[in-house]
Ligand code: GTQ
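Below you'll find only one chain, the form predicted on its own, shown as structure tokens.
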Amino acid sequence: MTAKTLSNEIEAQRRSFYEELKPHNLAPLWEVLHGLVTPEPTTPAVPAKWAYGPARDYLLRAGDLITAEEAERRVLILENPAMPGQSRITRTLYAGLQLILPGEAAPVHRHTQSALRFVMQGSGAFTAVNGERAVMQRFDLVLTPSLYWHDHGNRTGEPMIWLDGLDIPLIQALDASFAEGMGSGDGANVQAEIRPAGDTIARYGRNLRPVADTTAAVTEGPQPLFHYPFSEWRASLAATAAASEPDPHFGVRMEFINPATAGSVMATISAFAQLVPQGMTTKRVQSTDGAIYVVCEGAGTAWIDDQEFALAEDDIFVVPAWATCRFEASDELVLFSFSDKAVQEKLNLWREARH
């Protein structure tokens, strides 16, 4: 018997053995180990960009076809091209563009999933969180943390559109989803106002917080601040840029924080503001958190792995986990981004490489 014949016979015996294991719900690890424990991170997600204008037009068409009441949340999902039908933009994060038309209300509910809203278009509609309204302006960041009651309403004369970012795929992977509505009948669509708009910003948003167990400490839960106005975070970014040398890898990058903990804005999601000065090209960076970006101001180019993306205002793009990324700013480039860095850090998994 030749060595080749012996090899073929052994291989046939192994395949027969593997088939015998299947009815017993057993499988050989050695056949799949190389794909389970990899030398570096791997992801099915790919770099991609969505131009806001065409996406907005489709969303407005959706507004003619389905009501906010019918849809509960009228959203077009930003699907990663490599993961169609999975309702995710990275392995752990969901992103979508939500529309609320004049006079509409998206009903009150809450869920295990943590969510952020980043306003793309319109001014004056609100998101209410646990009885307080955030009156939203373009590029404001509004949070609806896990199991906080929230609803949306638009009493203005123009459509409001925002980017939703949620940890839906992560919660789905953990089999930990719970969701409920506040009730039916009158008042089910809009929460009663317990505190005036801007109350939590006054109490928690100016490097102050009420002393615990006093009458001023009215906010319950670990997430006291949920509204980060663009007017404030843009001014902080500009002042920091004016007083600092740009970092070669980021320009100026700042993180939105939870003032109660000085940690990430939510337990599973981190959010960032970034300014790349005009004419600067950043050095390459890669990290284990997949990130979703919005171009708030300026223009330039992003190189994600070996792909080049021209960037214009309101573009949305995704940088998958462990992809290399660098930016060139033809005009001063202001970016908002969010990622799953928060949960990775809690699990001691997050890693970054600067080149």
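Residue indices: 1-based, along the sequence shown. Keep in mind that this is a model prediction, so the values were computed, not measured.
Below, we turn to the form predicted in complex with ligand GTQ, even though it does not appear here.
- Of the listed positions (133, 111, 88, 203), a single one reaches within 4.5 angstroms of ligand GTQ by any non-hydrogen atom in the predicted complex, namely 111.
- Of the residues given (79, 199, 104, 164), 164 alone sits with a heavy atom within 4.5 Å of ligand GTQ in the predicted complex.
- Ligand GTQ is not drawn, but in the predicted complex it has no heavy atom within 4.5 Å of residue 190.
- Among heavy atoms of residue 75, some come within 4.5 Å of ligand GTQ in the predicted complex.
- In the predicted complex, ligand GTQ lies within 4.5 Å of some heavy atom of residue 117.
- Residue contact with ligand GTQ in the predicted complex: residue 227 places no heavy atom within 4.5 Å of it.
- Contact with ligand GTQ, judged by heavy atoms within 4.5 Å in the predicted complex, is confined among 148-156, 267-275, 252-260, 236-244 to 148-156.
- With respect to ligand GTQ in the predicted complex, the three residues 94, 98 and 168 uniformly fall within 4.5 angstroms at the level of their nearest heavy atom.
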